[in-house]
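Encoded as structure tokens, the following chain is the form predicted on its own, with no partner shown.
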């Protein structure tokens, strides 16, 4: 009888014992290929002793100090090393312990920044349907996943949403490029509907995450969004919690689209799963504006700016740099995409295979021609992932991509260190179980 309260209840949880690279073993000695990095988290691989040693060394030296009193050498060092990679001018970093916290910190920053420049009425943050920005109440108001939101509407102040750049299932029934990027233009419509004087920020994932399954926006989408935000004085917030630190084959997802956001939220790959850490990244001049007007940033957290988290991030950055793993993610990820498409192209229930780098989605359909979906109660995506797990491959299921209720997909997003032989194993098992299910 376990005393652990699990998210997935009524489900057997094997006990993970150890891991190495892209592999995990349970306590019965069974081997699994981690083809999704947990929740698209693990990038530098399991069992990296250098990361563990860095964390242990920092914990022995100074595990916890409150960030309103002390800084630490490792926090300052990591911030200085990270700054050149982040596509913001002279960036500053505020450290928290989850992507949800990072998103809420970004919302608070946007509000305080707008007030600091005299725009006191700007308090609305626009997001997209088909997005995930976190499960805390503030972040849930932005998350565009109806199944997660429906029980809690009375507990948060909802924020407006616009359609995502989901070309496979265009909300406007159009086709690119004849659509004239209607999904991007919807942002301007929403800003004007509320009144620009009330809108503080727009937040979006550079590449759609787990809610839609690695949806890559069409060319020109992000440039149009940047232009609209500039026109109306709205901060552009890039939620890079999943896409950052090499996951898409670039250091950050926005780099694929030649766009610089105003604010970024980073996480997951910052520490590769070795420590719960997320980062709010802002321009130095914007942080200074808040200091001059407000004195301090009105936000806090007991475990913010954690020294052991910074040590884990610093060591993870060592791995990314020394192994040239962002380049590896781009090249090996392209191979992964090729193998997925080749293996699934003749499978009638696979509607779309999409992605970038080491971040791929597979969408299931009952009919390719009509894109009809399976009944939600069949849980096709989960069934495929459960069958793959029984064969020693871990995948990440998703659902609700169609009107927030129906639609099934999964994500393949392994650690960057996965080998070509392991990629072939993953793809082979995936094909087998899709046909079976």
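Since this is a predicted model, take the numbers as computed values, not measurements. Numbering follows the first chain given and starts at 1.
There is also a form predicted together with a small molecule; it is not shown, and the following applies to it.
Taking the partner from elsewhere, every residue among 100, 103 and 205 has a non-hydrogen atom within 4.5 angstroms of the small molecule in the predicted complex. In terms of contact with the small molecule in the predicted complex, the residue from 214, 241, 282, 358 that brings a heavy atom within 4.5 Å is 241.
In summary, among the residues 354, 268, 128, 122, the only one with a non-hydrogen atom within 4.5 Å of the small molecule in the predicted complex is 268. In the predicted complex, the small molecule sits within 4.5 Å of a heavy atom of residue 134. With the partner left out here, the small molecule still marks one of 311-319, 112-120, 92-100, 285-293 in the predicted complex; by a 4.5 Å heavy atom cut-off that stretch is 92-100.
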